[in-house]
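Take a look at this single chain, the form predicted on its own, given in C-alpha coordinates.
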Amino acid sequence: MAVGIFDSGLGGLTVLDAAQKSLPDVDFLYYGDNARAPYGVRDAEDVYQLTKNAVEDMWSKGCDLVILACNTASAAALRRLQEEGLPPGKRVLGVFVPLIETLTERQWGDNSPPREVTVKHVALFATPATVASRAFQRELAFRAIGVDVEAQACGGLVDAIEDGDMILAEALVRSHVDALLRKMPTPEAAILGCTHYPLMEAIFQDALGPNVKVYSQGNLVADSLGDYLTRHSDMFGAGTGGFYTTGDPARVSVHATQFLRREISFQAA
(Lines give C-alpha, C1' and ligand atoms only; values in the text may rest on other atoms or scores of the structure.)
Protein backbone atom coordinates (compact mmCIF):
# COMPACT_ATOMS: atom_id res chain seq x y z
CA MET A 1 0.00 0.00 0.00
CA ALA A 2 1.40 3.42 -0.92
CA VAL A 3 0.46 7.08 -0.70
CA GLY A 4 1.72 9.14 -3.63
CA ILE A 5 3.81 12.31 -3.33
CA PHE A 6 4.31 14.29 -6.53
CA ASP A 7 6.67 17.14 -7.37
CA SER A 8 8.07 18.61 -10.55
CA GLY A 9 11.56 17.92 -9.22
CA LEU A 10 13.29 17.22 -5.93
CA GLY A 11 11.58 19.78 -3.69
CA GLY A 12 8.84 17.37 -2.66
CA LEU A 13 11.49 15.24 -0.98
CA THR A 14 11.30 17.69 1.93
CA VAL A 15 7.64 16.73 2.34
CA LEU A 16 8.41 13.03 1.84
CA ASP A 17 11.17 13.12 4.47
CA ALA A 18 8.85 14.72 7.04
CA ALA A 19 6.03 12.32 6.18
CA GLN A 20 8.26 9.25 6.51
CA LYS A 21 9.45 10.40 9.92
CA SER A 22 5.93 11.22 11.09
CA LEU A 23 4.24 8.15 9.55
CA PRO A 24 6.84 5.34 9.63
CA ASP A 25 4.27 2.62 8.94
CA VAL A 26 3.08 4.21 5.67
CA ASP A 27 4.68 3.36 2.32
CA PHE A 28 5.20 6.29 -0.04
CA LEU A 29 5.58 6.45 -3.80
CA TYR A 30 7.52 9.54 -4.83
CA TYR A 31 7.16 10.75 -8.42
CA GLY A 32 9.34 13.54 -9.81
CA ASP A 33 8.73 15.01 -13.26
CA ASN A 34 12.40 15.97 -13.43
CA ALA A 35 12.50 15.90 -17.23
CA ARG A 36 10.21 18.94 -17.28
CA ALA A 37 11.23 20.75 -14.10
CA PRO A 38 10.94 23.44 -12.96
CA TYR A 39 7.20 24.10 -13.27
CA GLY A 40 7.49 27.56 -11.73
CA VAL A 41 8.27 29.25 -15.05
CA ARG A 42 5.52 27.47 -17.05
CA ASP A 43 2.05 28.80 -17.80
CA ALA A 44 -0.99 27.50 -15.93
CA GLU A 45 -2.32 25.29 -18.75
CA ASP A 46 1.05 23.60 -19.20
CA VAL A 47 1.35 22.96 -15.46
CA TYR A 48 -2.16 21.53 -15.37
CA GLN A 49 -1.56 19.10 -18.23
CA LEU A 50 1.79 17.92 -16.86
CA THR A 51 0.36 17.48 -13.37
CA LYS A 52 -2.69 15.62 -14.68
CA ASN A 53 -0.50 13.22 -16.66
CA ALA A 54 1.73 12.52 -13.66
CA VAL A 55 -1.16 12.00 -11.27
CA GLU A 56 -2.84 9.58 -13.66
CA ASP A 57 0.43 7.62 -13.91
CA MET A 58 0.61 7.48 -10.12
CA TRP A 59 -2.97 6.22 -9.95
CA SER A 60 -2.02 3.50 -12.42
CA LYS A 61 0.81 2.51 -10.06
CA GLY A 62 -1.70 1.93 -7.25
CA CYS A 63 -1.82 5.28 -5.42
CA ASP A 64 -5.39 6.15 -4.46
CA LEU A 65 -4.25 9.32 -2.67
CA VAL A 66 -1.75 11.74 -4.26
CA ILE A 67 -0.27 14.74 -2.46
CA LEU A 68 0.80 17.55 -4.79
CA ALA A 69 4.00 18.42 -2.92
CA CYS A 70 4.62 21.14 -5.47
CA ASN A 71 3.20 24.57 -4.75
CA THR A 72 3.07 25.46 -8.43
CA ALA A 73 1.05 22.33 -9.21
CA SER A 74 -1.17 22.96 -6.19
CA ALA A 75 -1.74 26.53 -7.37
CA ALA A 76 -2.34 25.84 -11.06
CA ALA A 77 -3.80 22.34 -11.19
CA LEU A 78 -5.36 21.14 -7.93
CA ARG A 79 -8.68 22.99 -8.03
CA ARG A 80 -9.20 22.15 -11.72
CA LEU A 81 -8.42 18.46 -11.17
CA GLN A 82 -10.95 18.32 -8.36
CA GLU A 83 -13.62 20.30 -10.21
CA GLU A 84 -13.33 18.25 -13.40
CA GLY A 85 -13.99 15.11 -11.40
CA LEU A 86 -11.72 12.41 -10.02
CA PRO A 87 -12.12 8.67 -10.67
CA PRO A 88 -14.04 6.79 -7.96
CA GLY A 89 -11.86 6.13 -4.93
CA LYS A 90 -9.11 8.57 -5.98
CA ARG A 91 -8.12 11.78 -4.18
CA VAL A 92 -5.65 14.60 -4.80
CA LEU A 93 -4.60 17.03 -2.06
CA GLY A 94 -2.34 20.09 -2.10
CA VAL A 95 0.11 21.74 0.26
CA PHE A 96 -1.39 25.21 0.76
CA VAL A 97 -4.22 24.41 3.14
CA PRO A 98 -2.23 22.80 6.01
CA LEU A 99 0.06 25.82 6.10
CA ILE A 100 -2.79 28.33 5.98
CA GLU A 101 -4.66 26.45 8.72
CA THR A 102 -1.58 26.79 10.94
CA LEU A 103 -1.08 30.45 10.05
CA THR A 104 -4.72 31.25 10.83
CA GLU A 105 -4.81 29.08 13.97
CA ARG A 106 -7.49 26.73 12.69
CA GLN A 107 -7.96 23.08 13.47
CA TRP A 108 -7.96 20.51 10.65
CA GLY A 109 -11.19 20.71 8.67
CA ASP A 110 -12.46 23.92 10.27
CA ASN A 111 -14.72 25.38 7.56
CA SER A 112 -16.21 28.22 9.60
CA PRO A 113 -16.41 31.70 8.00
CA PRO A 114 -13.23 33.80 7.67
CA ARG A 115 -12.27 35.74 10.77
CA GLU A 116 -9.68 38.14 12.14
CA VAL A 117 -6.34 36.50 12.97
CA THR A 118 -3.27 37.57 14.91
CA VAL A 119 -0.87 37.88 11.99
CA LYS A 120 -1.63 40.86 9.76
CA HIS A 121 1.43 41.20 7.50
CA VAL A 122 2.65 38.11 5.64
CA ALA A 123 5.53 37.73 3.19
CA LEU A 124 5.12 34.99 0.59
CA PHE A 125 8.18 33.62 -1.21
CA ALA A 126 7.26 31.38 -4.14
CA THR A 127 7.89 30.56 -7.79
CA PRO A 128 6.75 33.03 -10.46
CA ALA A 129 3.88 30.73 -11.45
CA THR A 130 2.63 30.36 -7.88
CA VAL A 131 2.79 34.11 -7.32
CA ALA A 132 0.94 34.78 -10.59
CA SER A 133 -1.83 32.34 -9.68
CA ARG A 134 -2.71 34.16 -6.44
CA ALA A 135 -3.85 30.76 -5.16
CA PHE A 136 -2.34 31.34 -1.71
CA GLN A 137 -4.25 34.61 -1.31
CA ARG A 138 -7.46 32.93 -2.50
CA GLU A 139 -7.19 30.06 -0.01
CA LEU A 140 -6.23 32.48 2.78
CA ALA A 141 -9.31 34.63 2.05
CA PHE A 142 -11.54 31.61 2.74
CA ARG A 143 -10.19 31.49 6.29
CA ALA A 144 -9.02 34.97 7.36
CA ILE A 145 -9.78 38.65 6.88
CA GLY A 146 -7.57 41.67 7.24
CA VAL A 147 -4.31 39.96 6.29
CA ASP A 148 -1.94 41.82 3.96
CA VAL A 149 0.11 39.46 1.78
CA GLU A 150 3.16 40.67 -0.14
CA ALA A 151 4.39 38.08 -2.64
CA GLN A 152 7.93 37.80 -3.98
CA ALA A 153 8.62 35.67 -7.05
CA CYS A 154 11.96 33.92 -6.45
CA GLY A 155 13.20 33.42 -9.99
CA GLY A 156 16.21 31.13 -10.36
CA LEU A 157 16.15 29.72 -6.84
CA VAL A 158 14.69 26.30 -7.66
CA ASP A 159 17.21 25.82 -10.46
CA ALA A 160 20.12 26.68 -8.14
CA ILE A 161 18.88 24.23 -5.48
CA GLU A 162 18.25 21.46 -8.02
CA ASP A 163 21.78 21.99 -9.40
CA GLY A 164 23.24 21.84 -5.90
CA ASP A 165 24.70 25.36 -6.21
CA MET A 166 24.13 26.49 -2.63
CA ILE A 167 26.35 29.57 -2.98
CA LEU A 168 24.14 30.90 -5.77
CA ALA A 169 21.01 29.79 -3.90
CA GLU A 170 22.04 31.78 -0.81
CA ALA A 171 22.76 34.87 -2.90
CA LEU A 172 19.35 34.57 -4.56
CA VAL A 173 17.56 34.15 -1.23
CA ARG A 174 19.15 37.30 0.17
CA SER A 175 18.38 39.23 -3.01
CA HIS A 176 14.73 38.16 -3.01
CA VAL A 177 14.35 38.93 0.70
CA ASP A 178 15.81 42.41 0.14
CA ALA A 179 13.30 42.97 -2.68
CA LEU A 180 10.42 41.85 -0.46
CA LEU A 181 11.48 44.05 2.44
CA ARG A 182 11.51 47.08 0.19
CA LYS A 183 7.80 46.44 -0.42
CA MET A 184 6.90 45.26 3.11
CA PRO A 185 9.50 46.49 5.61
CA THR A 186 8.06 44.73 8.69
CA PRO A 187 6.43 41.39 7.91
CA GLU A 188 5.31 39.38 10.92
CA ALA A 189 5.44 36.02 9.16
CA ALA A 190 7.04 34.58 6.05
CA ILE A 191 5.74 31.67 4.01
CA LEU A 192 8.22 29.51 2.14
CA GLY A 193 5.80 28.70 -0.66
CA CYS A 194 7.89 26.13 -2.50
CA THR A 195 8.94 22.74 -1.20
CA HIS A 196 12.54 23.40 -2.28
CA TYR A 197 12.84 26.41 0.00
CA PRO A 198 13.01 24.59 3.38
CA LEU A 199 16.58 23.66 2.45
CA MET A 200 17.32 27.39 2.63
CA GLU A 201 15.16 28.09 5.69
CA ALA A 202 18.09 29.18 7.87
CA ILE A 203 19.17 31.67 5.20
CA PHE A 204 15.64 33.06 4.84
CA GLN A 205 15.43 33.43 8.63
CA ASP A 206 18.80 35.15 8.84
CA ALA A 207 17.93 37.56 6.03
CA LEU A 208 14.50 38.36 7.46
CA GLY A 209 15.67 38.74 11.05
CA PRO A 210 14.60 37.14 14.34
CA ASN A 211 11.27 38.94 14.60
CA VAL A 212 9.77 37.22 11.55
CA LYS A 213 8.30 33.73 12.03
CA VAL A 214 9.17 31.56 9.04
CA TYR A 215 6.73 28.82 8.00
CA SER A 216 7.76 25.92 5.77
CA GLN A 217 5.59 23.04 4.73
CA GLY A 218 7.16 19.64 5.37
CA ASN A 219 6.09 18.96 8.96
CA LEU A 220 2.77 20.79 8.56
CA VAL A 221 1.81 18.69 5.53
CA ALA A 222 2.96 15.50 7.28
CA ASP A 223 0.80 16.25 10.33
CA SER A 224 -2.20 17.09 8.15
CA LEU A 225 -1.70 13.89 6.13
CA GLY A 226 -1.65 11.86 9.34
CA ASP A 227 -4.98 13.41 10.36
CA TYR A 228 -6.42 12.72 6.91
CA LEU A 229 -5.36 9.06 6.88
CA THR A 230 -6.81 8.56 10.36
CA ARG A 231 -10.16 9.75 9.02
CA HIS A 232 -9.84 7.99 5.65
CA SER A 233 -8.21 4.64 6.30
CA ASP A 234 -9.36 3.43 2.87
CA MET A 235 -6.94 5.78 1.08
CA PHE A 236 -3.69 3.84 1.55
CA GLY A 237 -3.84 2.45 -1.98
CA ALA A 238 -2.80 -0.90 -3.39
CA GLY A 239 0.58 -0.08 -4.94
CA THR A 240 4.07 -0.38 -3.51
CA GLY A 241 6.37 2.44 -2.51
CA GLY A 242 9.43 3.65 -4.38
CA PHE A 243 10.96 6.53 -6.30
CA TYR A 244 10.07 7.31 -9.92
CA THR A 245 11.30 10.00 -12.27
CA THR A 246 10.68 11.09 -15.84
CA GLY A 247 14.31 12.22 -15.96
CA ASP A 248 17.57 10.27 -15.92
CA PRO A 249 17.25 7.92 -12.92
CA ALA A 250 21.00 7.79 -12.24
CA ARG A 251 21.43 11.56 -12.26
CA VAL A 252 18.27 12.19 -10.24
CA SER A 253 19.32 9.55 -7.68
CA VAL A 254 22.65 11.30 -7.14
CA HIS A 255 21.01 14.68 -6.61
CA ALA A 256 18.29 13.20 -4.39
CA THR A 257 20.89 11.48 -2.23
CA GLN A 258 22.68 14.80 -1.80
CA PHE A 259 19.33 16.52 -1.20
CA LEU A 260 18.27 14.24 1.69
CA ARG A 261 21.75 13.11 2.76
CA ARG A 262 20.73 9.45 2.55
CA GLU A 263 20.78 6.90 -0.23
CA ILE A 264 17.91 7.35 -2.69
CA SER A 265 17.49 5.24 -5.81
CA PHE A 266 15.07 6.31 -8.56
CA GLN A 267 13.70 4.24 -11.42
CA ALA A 268 12.20 5.38 -14.71
CA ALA A 269 8.53 6.32 -14.51
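Don't overthink the numbering: it's just position in the shown sequence, from 1. Here the structure is a predicted model, which means the values were calculated and not measured.
One more form of this protein should be noted, the form predicted in complex with a small molecule, which is absent from this view; the next part is about it.
S.K.: Does at least one non-hydrogen atom of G218 fall within 4.5 angstroms of the small molecule in the predicted bound form?
M.R.: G218: no contact with the small molecule in the predicted bound form.
S.K.: According to a 4.5 angstroms non-hydrogen atom cut-off, is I191 in contact with the small molecule in the predicted bound form?
M.R.: Although the small molecule is absent here, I191 would stay clear of it in the predicted bound form, with no heavy atoms inside 4.5 Å.
S.K.: Given that the small molecule is not shown alongside this chain, does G32 nevertheless sit within 4.5 Å of it in the predicted bound form, heavy atom to heavy atom?
M.R.: No - in the predicted bound form, heavy atoms of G32 and the small molecule never come within 4.5 Å of each other.
S.K.: Hey, in the predicted bound form, is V92 touching the small molecule, heavy atoms inside 4.5 Å?
M.R.: Flag for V92 set to no.
S.K.: Name the stretch, out of 116 to 124, 69 to 77, 163 to 171, 97 to 105, where some heavy atom lies within 4.5 Å of the small molecule in the predicted bound form.
M.R.: Every other range fails; the passing one is 69 to 77.
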